[in-house]
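Taking the form predicted alone, here's one chain by itself in structure tokens.
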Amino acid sequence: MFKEPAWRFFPLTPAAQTGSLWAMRTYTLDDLRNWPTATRDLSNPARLAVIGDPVAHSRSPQMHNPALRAAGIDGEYVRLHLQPEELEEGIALMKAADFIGFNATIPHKGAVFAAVDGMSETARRIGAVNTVAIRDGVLVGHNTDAPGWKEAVREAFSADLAGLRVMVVGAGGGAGRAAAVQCAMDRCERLVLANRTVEKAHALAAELRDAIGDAGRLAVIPWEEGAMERELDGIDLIVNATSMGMKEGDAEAVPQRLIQPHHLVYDMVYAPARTRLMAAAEERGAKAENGLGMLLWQGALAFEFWFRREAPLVAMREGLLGS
């Protein structure tokens, strides 16, 4: 098992970087097969990417390229559209093209988990890899979603997970699973998993009992108004890990009448900037935050994983907010 590194103790002194076309282009497997030709219009070699299907919507280049410039690293971070059947060849071609690493988004996190040669404990527990470093031809996987969310919560609410009673809505997989794993690893005061398919939440709870320490601090409920109402008096942090709120006419992830002034509400949705859940929470006197901070912090932790140095967070934040 790969041990998570103390990367801040290994400084890197790279060369400077200039401009790029990173905001415009999405590359394909065909491009990757002819990488020097496909990327000849870039000012610096493209050695980092986010892979997904689809991926043109990804805002990761908007924060990683400013980070590379701020750190004086010669390289470009690009979008790479790979379909599931193209993933194996795509990874081999990235290794051949001397990539430093890549991020994986939907639907590749599970397949990349199976493809890496080693991984962090966080990635192992979540069962998904979103960040890969390529070191001497070896693929080392990590999941920065969970620790990135933890940092976003700390920044937004000045609170550590260890002292909180948390309800994760949409805990069956994906971002909800990542949040639940992080809560358990930090041994939060109480963890309530709410999911439409209760069996998935029960399966996750079974995996987390050893991490949280006291199984009595872990509960599973159906994602239903009545069940949530019975729990929310004793909850500090409500986490929406569903996609509810991204589309007009979506149902409420958490009914507004259940939100109380003492609640902290973290909505992993970040578009629009003031989500429906945030607005509902603020009207009830609660503090609320959207998921942009999670996107920022998971990116910063990926940068540190690749380069073993502290991420230029100010440049990344400015790039993300300006996109």
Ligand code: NAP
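Here the structure is a predicted model, which is why all the values come from computation and not from measurement. In this text, residue numbers run from 1 along the sequence as written.
Below: the form predicted together with this ligand, not depicted.
- In the predicted bound form, at least one heavy atom of Y270 sits within 4.5 Å of a heavy atom of this ligand.
- Of the heavy atoms in C183, none are within 4.5 Å of this ligand in the predicted bound form.
- Although the partner is absent from this view, G52 stays clear of this ligand in the predicted bound form, with no non-hydrogen atom inside 4.5 angstroms.
- P147 falls outside the set of residues with a heavy atom inside 4.5 Å of this ligand in the predicted bound form.
- Though this ligand is absent from this view, in the predicted bound form it lies within 4.5 Å of a heavy atom of just one residue from A156, L93, L164, M244, which is M244.
- Residues of just one listed stretch (119 to 127, 167 to 175, 132 to 140, 81 to 89) have heavy atoms within 4.5 Å of this ligand in the predicted bound form: 167 to 175.
- Residues of 200 to 229 placing a heavy atom within 4.5 Å of this ligand in the predicted bound form, in sequence order: K200, W223.
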